[in-house]
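Below, in structure tokens: the form predicted on its own, a single chain.
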Amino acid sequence: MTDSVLFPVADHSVADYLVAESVSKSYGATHALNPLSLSLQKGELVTLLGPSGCGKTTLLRIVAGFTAPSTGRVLLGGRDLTPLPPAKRRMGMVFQAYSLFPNLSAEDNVRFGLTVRGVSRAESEKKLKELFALIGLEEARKRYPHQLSGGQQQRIALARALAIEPQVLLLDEPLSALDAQVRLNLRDEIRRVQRETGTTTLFVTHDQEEALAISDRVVVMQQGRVAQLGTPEDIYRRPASPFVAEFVGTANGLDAVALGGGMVEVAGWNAPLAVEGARPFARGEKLRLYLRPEELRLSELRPNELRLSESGPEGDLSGQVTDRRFLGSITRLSVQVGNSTLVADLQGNEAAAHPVGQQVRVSLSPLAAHVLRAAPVAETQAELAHV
């Protein structure tokens, strides 16, 4: 089954504004992008997320017109763009490298596309005033690229892309070369600007947090295919495959076997665990059980308490704190439970109450765990059609 089946776009609705229809790219026997289809609504920000080599930049370049697809076509507002060169597609692009003209001032860099299109000086001046106010760099108009910080240069690149009023904005890992705090600030700035302009945007990144924070929808890609498409919450809370669960965010991944009736047996644990999502699986099926660190709750298991040998009615287990790492807003604790090491993210005083070596009760709700088949099967792929 190809991804074009998972995201059918043969009958394009009015809401389908930018459409990549059954596009693929091969270089000889190497398939950089397997046939897939994807559609964006007007004004939507969709992020292509995945590790290096997964095909996300290839797909972006096909949409932009820099790379010709081996199969398929690209539509914008119902018009086939596939034969058109990049300059005829009314798309603005921001690259990882800022690509500013070093011999031009910031305002002349932004003005460049307007000049090429024959926009009058008066009109371009009005546009520049609006854009520099939008990106908050009115005072930097006369500066040259070497006089600007990396974050400021990328804002200028964004303004230059928006100056031509593109129908689609394409962002190819525009923040990856920036320092962490600058990256965080500019990420929020890009989202604000995109919302204010209403520009349909396709954003490429390998950073999971970035994708979750900035997107209306996220496309997780794996080996040239779409692994899952959904809202950020869908991707994080309801991953469609072990790859998505382990790539997006932090997850405790455990091997388990279905016992039927919503119960699972986790490798190395003394007792079965009640998991709401395990009900559809038949007894004996091999599963992967995923627990997000923030879903776990710890309490001290005092010496006079009977050590838990099995899960309690609410899924309590016994364990021992083996490590702790302070990460600023949270402290990440490692807890040995049977043959498994779980990580739990706690805040403030809650984390301080559990030193290394402490015996603890690990509490989790039956709804806290997400269960998937250990190996994808046809039925698992079919479920993606309903995302």
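Owing to the predicted nature of the structure, the values given are computational and were not obtained by experimental measurement. Just count from 1 along the sequence shown to find any residue number.
Separately, the form predicted together with a further copy of the same chain exists; it is not shown, and the next lines address it.
Among the residues E300, E294, E123, E130, the one placing a heavy atom within 4.5 Å of a further copy of the same chain in the predicted complex is E294. A single residue from the set V182, V119, L75, A140 has any heavy atom within 4.5 angstroms of a further copy of the same chain in the predicted complex; that residue is V182. Taking the partner from the other structure, a further copy of the same chain in the predicted complex has a heavy atom within 4.5 Å of a heavy atom of D345. Remark: R325 counts among the residues lining a further copy of the same chain in the predicted complex, judged by a heavy atom distance of 4.5 Å or less. Not displayed here, a further copy of the same chain is kept clear of L259 by more than 4.5 Å at the level of heavy atoms in the predicted complex. Residue contact with a further copy of the same chain in the predicted complex: Q222 places no heavy atom within 4.5 Å of it. Of the candidate stretches 227-235, 261-269, 196-204, 281-289, only 227-235 has residues whose heavy atoms lie within 4.5 Å of a further copy of the same chain in the predicted complex. Shown without its partner, the chain has R187, D188, R195, E209, L212, A213 in segment 187-223 as residues with a non-hydrogen atom within 4.5 angstroms of a further copy of the same chain in the predicted complex.
In the predicted complex, the Cα atoms of A258 and P366 sit 3 Å or more farther from each other than they do here.
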